[in-house]
Structure formats: C-alpha cells, structure tokens
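What follows is one chain in structure tokens, specifically the form predicted alone.
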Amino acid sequence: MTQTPNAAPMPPHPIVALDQVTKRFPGVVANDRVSFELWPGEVHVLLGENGAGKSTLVGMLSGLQLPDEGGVLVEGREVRIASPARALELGIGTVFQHSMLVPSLSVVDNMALGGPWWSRPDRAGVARRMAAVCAEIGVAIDPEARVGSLSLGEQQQVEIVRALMRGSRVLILDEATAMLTPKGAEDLGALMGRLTRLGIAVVFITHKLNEALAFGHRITVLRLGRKVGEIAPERLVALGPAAATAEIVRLMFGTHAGTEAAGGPPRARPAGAPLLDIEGLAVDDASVPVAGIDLSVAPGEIVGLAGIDGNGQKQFAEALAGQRRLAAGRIRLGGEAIERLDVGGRRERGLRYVTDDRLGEGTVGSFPISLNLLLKQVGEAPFWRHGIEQPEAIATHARRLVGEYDVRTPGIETAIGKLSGGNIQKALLARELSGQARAVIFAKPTYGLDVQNIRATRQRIREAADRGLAVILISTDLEEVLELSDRVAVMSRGRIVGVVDNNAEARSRVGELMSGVTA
C-alpha cells in the first residue's frame, strides 16, 4: 500500500537536487538532462530497466562520477561532489547492493574504519554512538558480532547505522532488496518508514513495483537515460495501487509492440515438436540458485529470456551449455538426453553457447583468430591428426569463416584480442553457428556493440532460426527481445515467472512480469 509522506511543512529547497544533469561515456549518453529532487521525510523511488541510467545518477550523488553538464544542489546551493568523502561531508550516504563491510571484523570495528590514522580508535565511544543511533531508528545490533556472521539484512542495517553516524541526511539504498528474503525486504521497508519520520530523505532504487508502491512516497521513472515521468506523493495516493501500476509500466516500457518498434515484420511462429526441451533444471549457486526451469524451443523458434540482470540468467545458460553442474533436471536435444554430457559432448550433438564475456571466456586474446575459431575443437580431425596440427586445414577453415562472417582483420594470424568488440563477436558467431549446430544459446549478444554491429548480430540470430535452429536469446534489452523473439520467458530470482507470446500485448505483460506485478 502506498505510503503518505510526513505532514511536516516542506522546506523552501530540497535537501539535494540534480538540475538538468547529463553524463556521457564513450558511445553512450547515460543521463540526458535529468532533474531529480530529494525532500526530507520522503522515500523517493527510482525505477528503470537495466541501462536506464539509475546507477549513473547514484554515482553523481555519491561522488563517484561528475556530471558533464548541469549541476548538483544541496539546500539550493550548487556544489561539486568530487569524491565519496565530499558526499559524506554534505550528508549523503550510500548503501550499495553488495556489502562494503569487512566481514572478518566486528561491527564496532567496521564502524571505526575511516577515522583519523594518527589516533587509536575509541571503540567504547563508537559503540555508545552506535547504540544511540540504533535506539533512535529501532534496530538491535550487537557491536561485537563479526560482520561475516550476520545475515544480509543485518549487514544492511549496519551500513545504514554507519551512514547515520556520519551525519547523513540523505540515504541512497541501491538495489537494497535484491538479495533479501521477502521478510528481509519487509523489515527494510519498515526501517525506511522510521527513517523518514526522522526527516531523512531516502533514495530507494528497485526493479520491483510492489516494493515501490509499498514503501515509496514519490516515484521517478528513467528510460534510456532520460527521466520519462515522476509521480508526486499526492497523485500516487490518489491513483491507488492498480492505476499507479499501470502508469508506471507504461512509463517504463512504453505502449507499442516490440516488433512494430523494431521496424521488422513479425516472424511466423514455428510449429512442431520441441527440438530443445528443458525440464526441472536446477543449479546450486550461492548468489542466485536456479530452480524448476521448464522451457521448450521448437526448430526455427526464438525464445527470448528477459529479466533484470543478475536473476540467474548466467547460471541457467552455463548449466545448459554444460559449464555448470546441474543439481536437478533433464535436457533433451532432438529427443536425446544430454544432461550427463560435458561441454564437448553437448557441442558435438549440436548445442552451442555464445557467451556474453567475449574476451574473458569466449576467446583467448593472445591466440590468433584461426585458433580461436577452433577453440572448442582442439585435437579434432581434420585440423589435428594423431595430435599433430594441420596448418593448411586450420587456415582454410579460418579464411572461409572470416569471409563468410565479415570479420574485419589484417589476417587470420592476428591476435583476436587486437580486434574491435564487434569483430570479436563476429568471430564468436562464426565459431558457434558453423558446422552441425542445432540449438544455440545467445547471452547478451549485442552488449557493448555499436549500432552497425548490433544490426548485423541480430540478423545472424534471425538467420540461425530461419535455418531451423532452436534459439534461446538471453538479453536485458527488452527492445531486442521483443524485436527477435517468438515467445518471451521472464526470469526472476532464479525462476521463470511467466512466458508470453510476442504479440501486441507482450510489452506490457513482460514489463509487469519483470517488475514483479504478476507471476
């Protein structure tokens, strides 16, 4: 249920404001003339897809980035936040998604970090100040507890208390509930309520609309680096949960269908028995366990896997490709069970994987292109015979693929690490789509590419499906998923929470699933 902000008189200026800030990085405008105000006693929720510009805004508020244009104002006065220390001086504290505490130290010793180097920490004094803050905001923390023994929710409480002990009047909570249990998220929401009653301004960044509506007073939505809407407290209350949800989904994801927006005709939905059939797939992983994945892909079909990054997509892809051990589940390719096969065995049967880590995992940067095109076939005939390399066969193979996939390179013996990202991606596509490929998993295939190479890569994905391959497209770019896919599965917290046919209603349905509105 949407909160109502505290009824104290509004001051003449927000505590902190971003005024028409723009931040550019090579090839991308991360924030484009964004204005953003933080008022005391409010939880200001910041919503947006991956890449919408939320992290860059946080970086400018917390002293990790400087705006290229526009200004940052504290109580109406323009300031320059050139470092995290300066942000703390101005009363801006940040609690990041991943803990910044030292797990081997006690809570009180973590609180004492950053003090004057020339004097011994006053542990007793720090403990007293900590106890006073804990009492004020209604949390109980043992100062002598080792941080590594605390739950994630307790560690967040420690970081919040530390920020308040340093005089923070603005508290930025960056994806603070991403790793919490539902009960932990509820507890954090209650704590935010107590903080705002003390006059603190909270920036709460989340992907979950239910949390935004339950905990927020004011909601701002970013899309592609721009602020596309803000819902003020009075309007948020007047709209009610259902209408507010519809408005936010419209702002975050737009109203037009993905295939129309992409400028390409929709593909005819392939029919027939599944070529790739996944049942009950589970992966034990400390960060994001994956469980109960059921998914089938017909020959010639593209199934998009959408979702906020870090919800188990990578674990799923690597388990499917054979790079991670399955905890449970069955995988059939053309009716043959392949879950017990290793990477090489699955590849031999026709299952291919295009990783999102082109240089770190997909290639060996110091090796020539010719060998990188055969990394997964080392020792195999006709390129090796009795363990002896066959240079002419390797060169002929490389020249053919370089020409067919338009890899721009001085020569096939050039180290692949010297090529541009787009040409490295072309080489990966050449390696994985050639030969007897039957099914292919694409993991964020256009990440970091320029417009021309994005178009070329997407065309290769379409062509793979047109050849009858079963395609799984994992992408955090919703436009890409809607442009290419026949169906869209949405992944959240290691599970598929829904599968949507790609039609005129797909954008809003996928947006709702990604935002946790329905499951």
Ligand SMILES: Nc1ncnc2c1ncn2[C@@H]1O[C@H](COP(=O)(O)OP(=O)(O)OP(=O)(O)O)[C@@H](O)[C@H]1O
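We call the rigid core whatever largest set of C-alpha positions still superposes within 1.5 Å between the two forms. Numbers follow the displayed sequence, beginning with 1. Fair warning: this is a prediction, and the values are worked out from it, not measured in the lab.
Heads up, the form predicted together with the ligand isn't pictured, but that's what we're talking about next.
Stretch 48-56 is the contacting one of 481-489, 48-56, 34-42, 461-469, since its residues have non-hydrogen atoms within 4.5 Å of the ligand in the predicted bound form. This chain is displayed alone, yet in the predicted bound form one of 322, 329, 274, 422 has a heavy atom within 4.5 Å of the ligand; that residue is 422.
For the residues 377, 149, 97, 210, the 4.5 Å heavy atom test against the ligand in the predicted bound form is passed only by 97. Proximity of residue 457 to the ligand in the predicted bound form: non-hydrogen atoms within 4.5 Å are absent; the residue sits far from the partner. In the predicted bound form, the ligand sits within 4.5 Å of a heavy atom belonging to residue 175.
Contact annotation: residue 28 falls within 4.5 Å of the ligand in the predicted bound form, judged by heavy atom distances. Using a 4.5 angstroms limit between non-hydrogen atoms, residue 400 is distant from the ligand in the predicted bound form. Remark: with the core as the superposition reference, the CA shift of residue 352 between the shown form and the other one stays below 2 Å. The Cα shift for residue 509 between the shown form and the other one, taken after rigid core superposition, is smaller than 2 angstroms. After superposing the rigid core, the Cα of residue 293 is displaced by less than 2 Å between the shown form and the other one. Pairwise change in the predicted bound form: residue 208 and residue 288 C-alpha atoms lie farther apart than in the shown form, at least 3 Å.
Wider separation of the C-alpha atoms of residue 485 and residue 223, by 3 angstroms or more, is seen in the predicted bound form than in the present form.
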